[in-house]
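One chain follows as structure tokens, the form predicted on its own.
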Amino acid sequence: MKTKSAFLFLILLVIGLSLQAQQKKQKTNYKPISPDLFGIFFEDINYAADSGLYAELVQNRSFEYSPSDKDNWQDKSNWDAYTSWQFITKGYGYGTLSLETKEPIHENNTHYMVINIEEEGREGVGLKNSGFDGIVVKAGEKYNFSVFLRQLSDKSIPMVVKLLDKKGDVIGEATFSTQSKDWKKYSATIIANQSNDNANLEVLAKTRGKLAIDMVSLFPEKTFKNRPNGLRADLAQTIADLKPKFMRFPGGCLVHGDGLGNMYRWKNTIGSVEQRFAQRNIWGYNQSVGIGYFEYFQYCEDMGAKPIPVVPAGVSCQNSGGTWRIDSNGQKGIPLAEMHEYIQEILDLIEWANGPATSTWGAKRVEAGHPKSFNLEYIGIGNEDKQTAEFRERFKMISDIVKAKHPEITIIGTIGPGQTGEDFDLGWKFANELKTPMVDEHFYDKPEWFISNQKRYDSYNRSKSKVYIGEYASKGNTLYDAIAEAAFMTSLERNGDVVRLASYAPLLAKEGHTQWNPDMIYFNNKAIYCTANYYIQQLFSTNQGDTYYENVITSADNKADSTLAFSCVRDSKTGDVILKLVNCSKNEHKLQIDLSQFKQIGTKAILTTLTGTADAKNSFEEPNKVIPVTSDFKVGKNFNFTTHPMSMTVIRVKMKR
């Protein structure tokens, strides 16, 4: 009897252990991952802001351009306060034009023009602006004109503002008169009576006199979400269509700047635009900061994306002075005696974004038109900084105080410009010593690198700093480049517990004005085309999940193949199960899919595929050569699926209703 009891006990023990093993296996079959994994990174490079996302149509509107804006290797001729402007004397009018700085609108905006109208002639004397490669207007559309004027003569001066085509024919105009000997803003609405891709703007005085002029502006009334001082509607919508979970801004290398005096300081970018501090862009042109911190935060909110501002880590770019080498060190540090003042600037930013109306900086946000908090959760400190003692000392000072004052804010550190090397290793060591919550990794490489590095994050230590891949891209815009990125991105989902955020870079590039290739979205004044890389990013960002599942998709031949990549995630908000299947090869591949573990899902699915030849790419001439194709699809609990060569496929399986 005792023997039987012992035998029965052993059987029950084995069954129990087997059940425990099955339960453990079930528990480890899935894991929570970052619901904010895929977002975007905006940097004012390639004329992404002025002449791009920022809807302002007048170039050099405040006469602040300077030859020093241009980098050493660029042509500095015809780049000054007069750039894009022409002095106009029509119909036998004449006078003089001079650049002045004695009594500006604001100390941050020092330059303005003085027009002395000695004889107005038949049409007037004034200025013409050619815009950014011309001004595009559409028939029937309204354009909001504004200008700051100071009457320097006794009598009021009648003014006319016109939109003209290249022949000189008027396609819209408005009139007003000066009313003050102090700086005063004048506004008018112009309705275009015809469409034109290359218009000019003229501002003319119609009688003798003398006046000062500054901040000449022309905006389409239809901006994104109809925001004043807003964004170019079609370009902003194209970005918003990515459905990003976050946006990192304003850079990049732009942030830490070319020398200490060129750092991007957030306080210089808020308030009325005439009070903002325009300065040289590290990429070799001028930035008006018309898109400032308020506009960045507002855009994030309009898209439903979390804001991730990046501030300098108290040091300038190590490539300051044009020494663009990986081992260069033109890095300069803010004097230690000034660091507490600088750190307070960062604390003020957090208060500006999140503070109540009763706080000093929260009140400024409210005054700008945003009573509610912007709900800032993340802040980046530094960008690709060389891991010097100067950097580490200043970063630690900032990090320690921000952590102590605002434990609710996740600090994102930086570990140098490459995916390997001395700065990378030293940066990780430093981050782990400080227990920095998250670090920012960057890499740009050939498509083969992305295909062969799908296991990069499998071995990362889960107990240490998490990862934000702030900048990455394959070095091209072909379908092969994009599919290689897709293969890598499936590994980010698989490792979404350690890789918390990821964003492709750069985002935007204007035709004829690019400092960096490749980019995700290319545009000119009237057209936009999205690259294959854009559509890959969109397929991931619009199909994000918050739980990753293993062993759902397998290769039919059960052979390891780095040209195949796949992932399975679930969106807890919708209940949808989302399969992503990537084939980087020139051959079809059959996959086996097992959905039996999922309850409450039906047979209805949406199938989206991006495929073509490896060298296929979009362009202004063929903007839709490589685009996703979507159709309805039926699935079973178990089914096979054959992937196209050089393709990414998304199967979104719906819940039962």
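Being a predicted model, the structure only gives us computed values, none of them experimental. Just count from 1 along the sequence shown to find any residue number.
A second form of this protein, the form predicted in complex with a small molecule, is not displayed here; the remarks below concern that form.
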| property | result |
| --- | --- |
| Listed range touching the small molecule, judged in the predicted bound form by heavy atoms within 4.5 Å, from 308-316, 178-186, 224-232, 383-391 | 383-391 |
| The small molecule contact in the predicted bound form: residue 548, any heavy atom under 4.5 Å | no |
| Distance check, residue 505 to the small molecule in the predicted bound form, heavy atom within 4.5 Å | yes |
| Interface membership of residue 441, the small molecule in the predicted bound form, 4.5 Å heavy atom rule | no |
| Contact flag, residue 56 vs the small molecule in the predicted bound form, heavy atom cut 4.5 Å | no |
| Heavy atom within 4.5 Å of the small molecule in the predicted bound form - the one residue of 124, 257, 292, 252 that qualifies | 252 |
| Heavy atom within 4.5 Å of the small molecule in the predicted bound form - residue from 299, 145, 283, 522 | 283 |
